[in-house]
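Let's start with one chain on its own, the form predicted alone, as C-alpha coordinates.
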Amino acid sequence: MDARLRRVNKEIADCKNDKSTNINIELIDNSPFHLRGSFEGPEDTPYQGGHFEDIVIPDSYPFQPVKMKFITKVYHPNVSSASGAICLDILKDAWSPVLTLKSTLISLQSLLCSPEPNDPQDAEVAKHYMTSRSSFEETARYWAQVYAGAPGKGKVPKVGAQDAVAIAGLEKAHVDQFEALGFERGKVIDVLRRLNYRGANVASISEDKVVEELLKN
(Lines give C-alpha, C1' and ligand atoms only; values in the text may rest on other atoms or scores of the structure.)
Protein backbone atom coordinates (compact mmCIF):
# COMPACT_ATOMS: atom_id res chain seq x y z
CA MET A 1 0.00 0.00 0.00
CA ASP A 2 1.51 3.32 -1.05
CA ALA A 3 1.85 6.29 1.29
CA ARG A 4 -0.97 8.29 -0.33
CA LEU A 5 -3.46 5.44 0.07
CA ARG A 6 -2.42 4.83 3.69
CA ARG A 7 -2.87 8.49 4.52
CA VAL A 8 -6.26 8.79 2.79
CA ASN A 9 -7.57 5.64 4.47
CA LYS A 10 -6.44 6.99 7.85
CA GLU A 11 -8.14 10.34 7.23
CA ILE A 12 -11.39 8.65 6.15
CA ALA A 13 -11.33 6.54 9.31
CA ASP A 14 -10.61 9.63 11.41
CA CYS A 15 -13.70 11.37 10.00
CA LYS A 16 -15.87 8.33 10.68
CA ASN A 17 -14.59 7.90 14.23
CA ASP A 18 -14.98 11.55 15.26
CA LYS A 19 -18.71 11.91 15.96
CA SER A 20 -18.36 15.44 17.36
CA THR A 21 -17.85 17.13 13.97
CA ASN A 22 -20.85 15.53 12.20
CA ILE A 23 -18.66 15.08 9.12
CA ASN A 24 -19.38 12.04 6.95
CA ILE A 25 -17.25 10.60 4.17
CA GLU A 26 -18.49 8.19 1.48
CA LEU A 27 -16.53 6.49 -1.27
CA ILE A 28 -17.72 7.02 -4.85
CA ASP A 29 -17.42 3.87 -6.99
CA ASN A 30 -15.47 2.27 -4.10
CA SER A 31 -12.53 4.60 -4.75
CA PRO A 32 -10.73 6.17 -1.77
CA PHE A 33 -9.56 8.90 -4.16
CA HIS A 34 -13.03 10.08 -5.15
CA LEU A 35 -15.17 10.88 -2.15
CA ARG A 36 -18.35 12.58 -1.10
CA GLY A 37 -18.15 14.47 2.16
CA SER A 38 -21.10 15.94 4.00
CA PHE A 39 -21.53 18.18 7.00
CA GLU A 40 -24.33 20.02 8.70
CA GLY A 41 -24.80 23.70 7.97
CA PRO A 42 -23.67 25.74 10.99
CA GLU A 43 -26.28 26.74 13.54
CA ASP A 44 -27.60 30.30 13.53
CA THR A 45 -26.76 30.73 9.85
CA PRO A 46 -28.98 30.49 6.77
CA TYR A 47 -27.23 27.20 5.89
CA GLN A 48 -28.63 24.94 8.58
CA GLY A 49 -29.16 21.67 6.72
CA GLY A 50 -27.14 19.09 4.80
CA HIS A 51 -24.49 20.32 2.41
CA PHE A 52 -22.43 17.96 0.28
CA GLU A 53 -18.97 18.04 -1.20
CA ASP A 54 -17.37 16.26 -4.10
CA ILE A 55 -13.77 15.45 -3.19
CA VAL A 56 -11.00 14.28 -5.53
CA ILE A 57 -7.61 13.28 -4.16
CA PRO A 58 -4.82 14.28 -6.59
CA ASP A 59 -1.91 11.98 -7.34
CA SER A 60 0.51 14.23 -5.45
CA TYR A 61 -1.62 14.51 -2.29
CA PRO A 62 -0.82 15.65 0.40
CA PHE A 63 1.67 17.94 -1.34
CA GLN A 64 -1.15 19.34 -3.48
CA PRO A 65 -4.56 20.29 -2.08
CA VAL A 66 -7.63 18.12 -2.42
CA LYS A 67 -10.04 19.24 -5.11
CA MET A 68 -13.42 20.14 -3.64
CA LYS A 69 -16.63 21.67 -4.89
CA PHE A 70 -20.18 21.84 -3.60
CA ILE A 71 -22.53 19.45 -5.36
CA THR A 72 -25.40 20.86 -3.30
CA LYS A 73 -26.33 24.31 -4.59
CA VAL A 74 -25.30 26.97 -2.06
CA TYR A 75 -26.01 30.70 -2.11
CA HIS A 76 -22.76 32.17 -0.79
CA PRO A 77 -20.28 34.82 -2.00
CA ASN A 78 -17.38 32.35 -2.01
CA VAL A 79 -19.21 29.53 -3.80
CA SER A 80 -20.20 29.58 -7.46
CA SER A 81 -23.99 29.33 -7.64
CA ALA A 82 -23.58 27.73 -11.07
CA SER A 83 -20.73 25.22 -10.67
CA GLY A 84 -20.20 24.84 -6.91
CA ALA A 85 -16.56 25.96 -7.22
CA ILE A 86 -15.15 27.26 -3.93
CA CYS A 87 -12.91 30.26 -3.27
CA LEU A 88 -10.93 29.28 -0.17
CA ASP A 89 -7.22 29.93 0.27
CA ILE A 90 -6.38 26.50 1.70
CA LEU A 91 -7.71 24.87 -1.45
CA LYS A 92 -5.16 26.88 -3.42
CA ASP A 93 -1.90 28.57 -2.46
CA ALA A 94 -2.38 28.36 1.32
CA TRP A 95 -2.58 24.55 1.30
CA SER A 96 -0.22 22.70 3.63
CA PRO A 97 0.51 18.95 3.81
CA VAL A 98 -0.44 19.05 7.51
CA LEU A 99 -4.07 19.75 6.55
CA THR A 100 -6.46 16.81 6.33
CA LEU A 101 -9.84 15.98 4.86
CA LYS A 102 -11.47 16.67 8.23
CA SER A 103 -9.73 19.99 8.85
CA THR A 104 -10.51 21.14 5.31
CA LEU A 105 -14.20 20.30 5.66
CA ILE A 106 -14.28 22.09 9.02
CA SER A 107 -12.77 25.13 7.29
CA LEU A 108 -15.61 25.01 4.77
CA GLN A 109 -18.11 24.99 7.63
CA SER A 110 -16.39 28.09 8.98
CA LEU A 111 -16.57 29.73 5.55
CA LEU A 112 -20.35 29.34 5.62
CA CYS A 113 -20.35 31.22 8.95
CA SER A 114 -17.98 33.97 7.78
CA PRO A 115 -18.22 34.84 4.07
CA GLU A 116 -15.42 36.82 2.43
CA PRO A 117 -17.32 39.05 -0.05
CA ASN A 118 -14.19 41.03 -0.96
CA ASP A 119 -12.66 37.87 -2.46
CA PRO A 120 -15.72 36.31 -4.08
CA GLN A 121 -16.23 33.28 -6.25
CA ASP A 122 -19.67 34.58 -7.24
CA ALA A 123 -19.59 38.37 -7.73
CA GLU A 124 -23.38 38.74 -8.01
CA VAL A 125 -23.97 36.97 -4.71
CA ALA A 126 -21.22 39.05 -3.09
CA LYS A 127 -22.95 42.26 -4.21
CA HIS A 128 -26.22 40.99 -2.72
CA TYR A 129 -24.44 40.20 0.56
CA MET A 130 -22.82 43.62 0.81
CA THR A 131 -25.82 45.74 -0.17
CA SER A 132 -28.72 43.95 1.51
CA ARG A 133 -27.70 41.50 4.24
CA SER A 134 -31.24 40.59 5.35
CA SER A 135 -32.35 39.91 1.78
CA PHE A 136 -29.19 37.86 1.19
CA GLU A 137 -29.82 35.74 4.29
CA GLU A 138 -33.42 35.15 3.25
CA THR A 139 -32.28 33.96 -0.18
CA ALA A 140 -29.49 31.78 1.25
CA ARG A 141 -31.98 30.22 3.67
CA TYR A 142 -34.42 29.53 0.83
CA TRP A 143 -31.69 27.81 -1.20
CA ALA A 144 -30.74 25.70 1.83
CA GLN A 145 -34.37 24.62 2.23
CA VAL A 146 -34.87 23.83 -1.46
CA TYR A 147 -31.54 22.18 -2.25
CA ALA A 148 -30.10 20.97 1.06
CA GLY A 149 -33.13 19.80 3.02
CA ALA A 150 -32.83 22.50 5.67
CA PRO A 151 -35.91 22.99 7.86
CA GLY A 152 -38.20 25.88 7.03
CA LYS A 153 -41.46 27.46 7.97
CA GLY A 154 -44.42 26.06 6.09
CA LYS A 155 -44.16 23.81 3.06
CA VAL A 156 -40.78 23.90 1.34
CA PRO A 157 -41.04 23.57 -2.46
CA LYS A 158 -39.39 20.65 -4.16
CA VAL A 159 -36.46 21.23 -6.50
CA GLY A 160 -37.91 22.18 -9.88
CA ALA A 161 -41.01 23.74 -8.34
CA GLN A 162 -39.27 26.55 -6.45
CA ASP A 163 -40.03 30.23 -6.93
CA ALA A 164 -37.62 31.70 -9.49
CA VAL A 165 -38.01 35.14 -7.93
CA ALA A 166 -37.03 33.87 -4.47
CA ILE A 167 -34.14 31.86 -5.91
CA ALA A 168 -32.80 35.09 -7.45
CA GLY A 169 -33.20 36.96 -4.16
CA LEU A 170 -35.60 39.52 -5.64
CA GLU A 171 -38.87 41.12 -4.56
CA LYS A 172 -41.93 39.81 -6.40
CA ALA A 173 -43.37 43.35 -6.60
CA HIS A 174 -40.29 44.56 -8.50
CA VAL A 175 -40.47 41.69 -10.98
CA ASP A 176 -44.21 42.21 -11.46
CA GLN A 177 -43.64 45.94 -12.04
CA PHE A 178 -41.41 45.43 -15.06
CA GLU A 179 -43.23 42.37 -16.34
CA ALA A 180 -46.35 44.58 -16.50
CA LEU A 181 -44.50 46.75 -19.02
CA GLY A 182 -44.54 43.80 -21.41
CA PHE A 183 -41.15 42.22 -20.72
CA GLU A 184 -40.79 38.44 -20.37
CA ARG A 185 -40.62 37.37 -16.73
CA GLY A 186 -37.42 35.36 -17.07
CA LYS A 187 -35.61 38.28 -18.67
CA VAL A 188 -36.83 40.65 -15.94
CA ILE A 189 -35.47 38.29 -13.27
CA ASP A 190 -32.14 38.00 -15.06
CA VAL A 191 -31.71 41.76 -15.50
CA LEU A 192 -32.76 42.66 -11.94
CA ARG A 193 -30.39 40.02 -10.55
CA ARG A 194 -27.45 41.33 -12.60
CA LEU A 195 -28.21 44.91 -11.56
CA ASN A 196 -28.48 43.83 -7.91
CA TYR A 197 -31.94 45.39 -7.72
CA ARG A 198 -32.35 44.62 -4.04
CA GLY A 199 -32.78 46.37 -0.71
CA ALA A 200 -31.36 49.88 -0.39
CA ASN A 201 -29.62 49.47 -3.74
CA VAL A 202 -32.97 49.84 -5.53
CA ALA A 203 -32.96 53.57 -4.80
CA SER A 204 -29.68 54.02 -6.70
CA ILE A 205 -30.93 52.32 -9.90
CA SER A 206 -33.42 54.27 -11.98
CA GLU A 207 -36.38 52.57 -13.65
CA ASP A 208 -35.09 53.96 -16.95
CA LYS A 209 -31.80 52.09 -16.39
CA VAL A 210 -33.70 48.82 -15.84
CA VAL A 211 -35.80 49.35 -18.97
CA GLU A 212 -32.65 50.19 -20.94
CA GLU A 213 -31.10 46.87 -19.89
CA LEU A 214 -34.32 45.00 -20.65
CA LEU A 215 -34.40 46.41 -24.17
CA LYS A 216 -30.94 45.07 -24.96
CA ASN A 217 -30.82 41.80 -26.88
Partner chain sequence: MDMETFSQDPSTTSKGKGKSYEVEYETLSQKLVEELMQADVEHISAIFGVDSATAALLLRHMDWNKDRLIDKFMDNASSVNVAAGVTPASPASSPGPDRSRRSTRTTTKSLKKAEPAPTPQPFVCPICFDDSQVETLALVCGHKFCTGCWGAYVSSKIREEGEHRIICMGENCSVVAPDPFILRALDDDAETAARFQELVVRNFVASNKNLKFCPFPSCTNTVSCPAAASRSTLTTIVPTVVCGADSRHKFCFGCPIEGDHRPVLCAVSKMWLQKCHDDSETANWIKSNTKECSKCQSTIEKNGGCNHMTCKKCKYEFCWVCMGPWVEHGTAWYSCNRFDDKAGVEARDAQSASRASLERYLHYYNRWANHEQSAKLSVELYVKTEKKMEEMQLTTDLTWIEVQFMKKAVDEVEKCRTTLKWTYAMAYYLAKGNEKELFEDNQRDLEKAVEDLSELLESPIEPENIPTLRQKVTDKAVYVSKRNQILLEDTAQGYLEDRWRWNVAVEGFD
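Numbering follows the first chain given and starts at 1. Computed from a prediction, not measured in an experiment: that's the story for all the values here.
One more form of this protein should be noted, the form predicted in complex with its partner chain, which is absent from this view; the next part is about it.
Judged by heavy atoms within 4.5 Å of its partner chain in the predicted complex, the contact stretch among the candidates 176-184, 163-171, 33-41, 59-67 is 59-67. Its partner chain in the predicted complex comes within 4.5 Å of a heavy atom belonging to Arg6. In the predicted complex, its partner chain sits within 4.5 Å of a heavy atom belonging to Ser107. Put simply, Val146 is far from its partner chain in the predicted complex: not one heavy atom of it is within 4.5 Å. Mapping the unseen interface onto this chain, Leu88 counts among the residues with a heavy atom inside 4.5 Å of its partner chain in the predicted complex. Residues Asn78, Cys87, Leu88, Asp89, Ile90, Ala94, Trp95, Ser96, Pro97, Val98 are the ones in 67-98 with at least one heavy atom within 4.5 Å of its partner chain in the predicted complex, listed in sequence order.
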